[in-house]
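Below you will find one chain, with nothing else, as structure tokens; this is the form predicted alone, and questions on how it binds or moves follow later.
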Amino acid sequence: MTEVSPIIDVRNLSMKFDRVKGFRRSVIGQVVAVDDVSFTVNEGETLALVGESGSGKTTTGRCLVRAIEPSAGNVFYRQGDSSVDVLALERRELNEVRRKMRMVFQDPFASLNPRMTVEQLIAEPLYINNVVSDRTEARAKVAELLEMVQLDPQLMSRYPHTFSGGQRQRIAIARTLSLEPQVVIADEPVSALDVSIQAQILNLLKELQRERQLTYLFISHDLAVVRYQSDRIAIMYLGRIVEISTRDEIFERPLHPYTQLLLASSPIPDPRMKRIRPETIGEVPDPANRPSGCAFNTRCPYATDICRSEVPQLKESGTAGEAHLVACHLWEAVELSQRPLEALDGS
């Protein structure tokens, strides 16, 4: 098996937001959005970060480029033969790293200035980073980028509101790739689009990845999209990663009860079969009042005393082949009890 090296190495990343109250905005507590998260992203792969709304996946993505300043942890980015801790960089050094680590946001209309033309939007990072020196050079580069995302360069004089959602996302992708990054953090890049347009954008992302040797951190809650797009998957619940493995391992052999719940909630394109939903109870806990021990213990049908008292750590499941990490005290019992599918006629 060919050895791959991580281009991103996240260690013990945490992000806490203060809870404030009243006119004086007095701090009355904290919300832990990301709680001691560690993972790696290998060069050239797509790692999907998956979880329900509020699981902390978007916050994690933004912490990697310091769009928000994390509370603790390290984010090592490999440059050639050396690595730098993104969270320890001064502003000037950080700007250099941000040229190589870029984001695509969920809502393209919100991420594009409505007062700027497409030409201005895409050329802006080129001017700021001294990639181009005059408008002629900038227009040529913008035209090249628009063709790359399969848009007509003659449209560069138009404003964002004149485009469809899919076209706006293509413009956002062109802007992201204008500085030739190595890593792209795609935060729900197709969730606001129609299904047919989603497929076009996903295919475009795959094509660009092959052509430009890109590495993706792909943030999503849509398991169908994740199955098509990812190489590996990390499952998040209430700010912590509970399972990491290859795409096929996660879909065929989910070990954490929360992963099983996510998969059971996803429809299957076979009218003769139905999902077997785990017997979960309760609702997602308040992030400001997290349960002790395993965060999923209040909803898990397998929970015992150890689940309520000790936080499980990500550990290897002990099987041969690809690494499969799971944060569950009882993962072996959970694996034995799962029945993902059954026929509607009972057979």
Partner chain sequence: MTQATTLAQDAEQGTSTAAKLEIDVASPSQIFRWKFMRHRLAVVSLIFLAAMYVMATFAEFVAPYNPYAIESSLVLAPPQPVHFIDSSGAFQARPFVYALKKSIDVNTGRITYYEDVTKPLPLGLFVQGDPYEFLGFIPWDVHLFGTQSGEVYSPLGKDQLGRDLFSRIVFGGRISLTLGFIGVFVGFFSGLILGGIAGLRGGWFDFILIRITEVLTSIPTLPIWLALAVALPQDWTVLQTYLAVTIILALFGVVSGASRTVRGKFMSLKEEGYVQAAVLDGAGTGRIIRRYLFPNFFSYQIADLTLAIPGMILAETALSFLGLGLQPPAISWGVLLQDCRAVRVLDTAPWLFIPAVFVVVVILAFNFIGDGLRDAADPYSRV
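No experiment lies behind these values; they were computed from the predicted model shown. Positions refer to the first chain, counted from 1.
The discussion below concerns the form predicted in complex with its partner chain, not included here.
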Using a 4.5 Å cut on heavy atoms, which of 150, 95, 265, 83 is close to its partner chain in the predicted bound form?
-> 95
Exactly one of 196, 136, 213, 162 has a non-hydrogen atom within 4.5 Å of its partner chain in the predicted bound form; which residue is it?
-> 162
Heavy atom contact within 4.5 Å of its partner chain in the predicted bound form, the stretch among 221-229, 110-118, 241-249, 187-195 = 110-118
Hey, in the predicted bound form, is residue 78 touching its partner chain, heavy atoms inside 4.5 Å?
-> no
Partner proximity in the predicted bound form: residue 87 to its partner chain, non-hydrogen atom cutoff 4.5 Å = no
Do residue 62 and its partner chain come within 4.5 Å of each other in the predicted bound form, heavy atoms counted?
-> yes
Residue 103, heavy atom within 4.5 angstroms of its partner chain in the predicted bound form = yes
Determine the residues of 122-148 with a heavy atom within 4.5 Å of its partner chain in the predicted bound form and present them in sequence order; the list may be empty.
-> 124, 125, 127, 128, 129
